[in-house]
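The form predicted on its own is given below as one chain in structure tokens.
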């Protein structure tokens, strides 16, 4: 008999309060119910309620002030683009627009590539392209992508504007993402990246280097991503 999965109570509290804020039930500057009231409402302990409130703080929905309580702030919009499911899956109801700046081209790997490559990868070379992702008209993500050139016939002719890369390789080549790793820094963008993301060079941006392993031996997907978090924060759930 399969055991039915249940959502942890603190996540339900987060979802309930987040929905109430999004719908305007609690407006900017309003106080959320006290910890005692929330404990009574959900028949739980302070530990659970404080865990939920901490989650709302991390998401940018509230701030805590000693002697006052939990105050609703002006939340940024969260995007789950840290997920290995890809940007398209992570933007939810937002409008995503993808511009191809450098179309797909076969080439050798850069000599100073940001991940260590094995002998097969080095021999096969890569397919390289760059994209700019805009969400609700705001430039959010500049991405340089390198894919090991294995079992990808005619990939350079595929149209990648406003489509999911992961869905494209799944539908046309039966390639699935199995696992991966990503490294994240806060940096100041150079003039080119800052111009693409429409921010000043003095403003910090998120730089992510990512390697995704697929179900095809030695076919890995590498990305160097720069993310503008002025309007959106990066979000994911574990």
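For clarity, every value in this text was computed on a predicted model and none was experimentally measured. The term rigid core refers to the most C-alpha atoms you can superpose between the two forms while keeping them within 1.5 Å. Residue numbers count along the first chain shown, from 1.
The form predicted in complex with the DNA exists for this protein as well; it is not shown, and the discussion that follows is about that form.
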item: Contact of residue 216 with the DNA in the predicted bound form (heavy atom, 4.5 Å); value: no
item: Non-hydrogen atom contact residue 10 with the DNA in the predicted bound form at 4.5 angstroms; value: yes
item: The DNA contact in the predicted bound form: residue 182, any heavy atom under 4.5 Å; value: no
item: Proximity of residue 186 to the DNA in the predicted bound form, heavy atoms at 4.5 Å; value: no
item: Partner-facing stretch of 207 to 215, 57 to 65, 193 to 201, 22 to 30, counted where any non-hydrogen atom is within 4.5 angstroms of the DNA in the predicted bound form; value: 57 to 65
item: Heavy atom distance at most 4.5 Å to the DNA in the predicted bound form, all of 107, 118 and 123; value: no
item: Stretch 35 to 54 - residues with a heavy atom within 4.5 Å of the DNA in the predicted bound form; value: 35, 36, 37, 43, 44, 45, 46, 47, 48, 50, 51
item: Displaced residue check between this form and the one not shown: residue 36, CA, 2 Å or over, core reference; value: yes
item: Rigid-core frame, C-alpha of residue 14, shift of 2 angstroms or more between this form and the one not shown; value: yes
item: Residue 202 C-alpha relocation of at least 2 Å between this form and the one not shown, rigid core basis; value: no
